[in-house]
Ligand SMILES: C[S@@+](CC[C@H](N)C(=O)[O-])C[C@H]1O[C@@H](n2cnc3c(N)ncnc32)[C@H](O)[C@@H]1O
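Below sits a lone chain in structure tokens, taken as the form predicted on its own.
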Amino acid sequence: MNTIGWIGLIITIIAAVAALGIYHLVITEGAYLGQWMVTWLYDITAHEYDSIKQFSPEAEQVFLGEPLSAILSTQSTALVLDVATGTARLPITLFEQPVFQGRIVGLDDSRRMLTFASEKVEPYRDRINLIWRNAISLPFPDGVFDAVCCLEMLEFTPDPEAQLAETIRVLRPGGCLITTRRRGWNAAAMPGKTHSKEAFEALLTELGIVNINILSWQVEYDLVWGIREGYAEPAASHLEEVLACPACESIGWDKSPKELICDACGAIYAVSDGIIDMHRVKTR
């Protein structure tokens, strides 16, 4: 092969590697490379996440805060779980609604995203708990939250259908689910991670969600609302009533400003910056 041929081959290889990198790191945000890659990408971009997304506070109120607070308005002790809370987008808009008087638990796998979330929710510190943990297995018993939200996250998990089922598991019958469905060309570029509108509605129905309403929301997402079939009375109003120890699955805690200690097995989970570290467990 002559020099021009070698140069052409090198350029082709570089272009292919670049295209593959853009696909895996930008378009699919590491979804096919493992949960660790997704989390790492969010960790390194956490400081500019809000500016990248360019959320409109007014739109957040109209599409998220106002309708959810209206649904929960009759429950002064409503308990909400925000899975993949990121920089506390959902908690902030919900706390800004005067009729919402409940509490929120925000969970995320990215420690740096939670650091920024902790700063933003400082005015509401007595009404929110942040947990650093992967959402594949949520540390809560069945049916304990009055509303569960998981926005723009399902397609970035190892198994979106299993993740959705796990999210719904902790929602009480009669409780409200808010999630999203990725659409458009980006969705088409993520086979096995996304669903058509009809397939997603069928999946939700199979998982016990009724009154499903799929609304066009952002360029890449539909906003999806639904209610878990059946009815159960609200079960709890504080995190300590529903948080299960990942080590032994018991509920019951000795609490201090710097750690949570499981009453049953003695497992210790550090608390710093208002964030409970359930990625790691210590024992005495």
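Keep in mind that this is a model prediction, so the values were computed, not measured. Residue numbers run from 1 along the displayed sequence.
In what follows, reference is made to the form predicted together with the ligand, a form of this protein that is not presented.
In the predicted complex, the ligand lies farther than 4.5 Å from every heavy atom of Cys176.
The shortest heavy atom separation between Val224 and the ligand in the predicted complex exceeds 4.5 Å.
The ligand in the predicted complex comes within 4.5 Å of no heavy atom belonging to Ser237. Taking the partner from the other structure, the ligand in the predicted complex has no heavy atom within 4.5 Å of any heavy atom of Trp253. Listed stretches are 70-78, 147-155, 98-106, 198-206; the contact stretch with the ligand in the predicted complex is 147-155, by a heavy atom cutoff of 4.5 Å. When the ligand is considered in the predicted complex, only one residue from Ile168, Ile92, Ile128, Met113 comes within 4.5 Å through any heavy atom, namely Met113.
Along 38-53, these residues reach a heavy atom to within 4.5 Å of the ligand in the predicted complex: Val38, Tyr42, Tyr49.
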